[in-house]
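Just one chain follows, in the form predicted alone, and it is written as structure tokens.
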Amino acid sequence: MTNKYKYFVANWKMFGNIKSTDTINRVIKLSKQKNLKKVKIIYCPPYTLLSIFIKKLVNTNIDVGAQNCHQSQNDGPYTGSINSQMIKNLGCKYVIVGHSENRTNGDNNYLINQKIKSSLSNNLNVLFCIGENIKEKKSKRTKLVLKTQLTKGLNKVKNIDKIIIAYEPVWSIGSGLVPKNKELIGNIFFIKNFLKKKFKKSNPKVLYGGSVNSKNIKNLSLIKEIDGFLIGGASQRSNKFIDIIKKTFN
């Protein structure tokens, strides 16, 4: 991977049905504009919509990713689970791993590490989420938390170039609160610098996620250290998602 793109990842979470996939038609049209050649749009819908998204986006420059995966590379007795091999077989190119909502439901650093390794072995690009909660922020442990999550999550991971970091402060997700620019710049610089020194990643990419919307995107886009955005609720409506993309460059 190179840093030539500005990434816009639409994490639909537990939202959407067959009818709602029609909303991406306007985004497809937008993606064909010549002035947006350096934009990489990635849709991460629920598992139930992955096949439909892949079919709709087959002749576009928009990619599809899954929101999570099971850590096992093999078939097994894991009711309700989907592994990276299945995700790749569908035609996905990306998978989100380590989102705070999944960490809350039991994804610890060891499990996340196994999921990353499994995803990379199936040639998927990984969107690796890290971030501190409000208690950790107030006790000034943010950098320690980020360092720990990166170190344990990427332990013995070989193909580091297929990983994009998504910095998502847990306290910001869905709250409407966004870190101040100075704080955000400092944390992203810390992540990139750590990846360069610890993992010899020459050109790390770090996205920001957490209450990204059309009102705060102009301010966020001023931060050159940010390589793109992981967008939740605001990506579920094409007009809001398009507005975010356009305001990033205008």
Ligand code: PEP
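What you are looking at is a predicted structure, and each value in this text was computed from that prediction instead of being measured. Start at 1 with the first residue shown and count on from there.
Not pictured, yet referred to below: the form predicted together with the ligand.
Colleague: What is the one choice in Leu146, Ile173, Leu154, Leu124 with a heavy atom within 4.5 Å of the ligand in the model of the complex?
Modeller: Going through each option in turn, the one that passes is Ile173.
Colleague: Have a look at Leu57, Leu207, Val212, Ile191 for me and say which one sits with a heavy atom within 4.5 Å of the ligand in the model of the complex.
Modeller: None of the others qualify; the residue that does is Val212.
Colleague: Taking any heavy atom pair closer than or equal to 4.5 Å as contact, tell me whether Lys115 reaches the ligand in the model of the complex.
Modeller: No, no contact at 4.5 Å.
Colleague: Would Glu168 sit within 4.5 Å of the ligand in the model of the complex, counting heavy atoms only?
Modeller: Contact with the ligand, yes.
Colleague: I'd like to check something about Gly233: if you look in the model of the complex, is any of its heavy atoms closer than or equal to 4.5 Å to a heavy atom of the ligand?
Modeller: Answer yes; at least one heavy atom of Gly233 falls within 4.5 Å of the ligand in the model of the complex.
Colleague: Verify the contact flag for Lys240: yes if a non-hydrogen atom of it lies within 4.5 Å of a non-hydrogen atom of the ligand in the model of the complex, no if not.
Modeller: Lys240: no, not in contact with the ligand in the model of the complex.
Colleague: Does anything in 7-32 come within 4.5 Å of the ligand in the model of the complex by heavy atoms, and if so which residues, in order?
Modeller: Going through 7-32 in order - heavy atoms within 4.5 Å of the ligand in the model of the complex - the hits are Asn11, Lys13.
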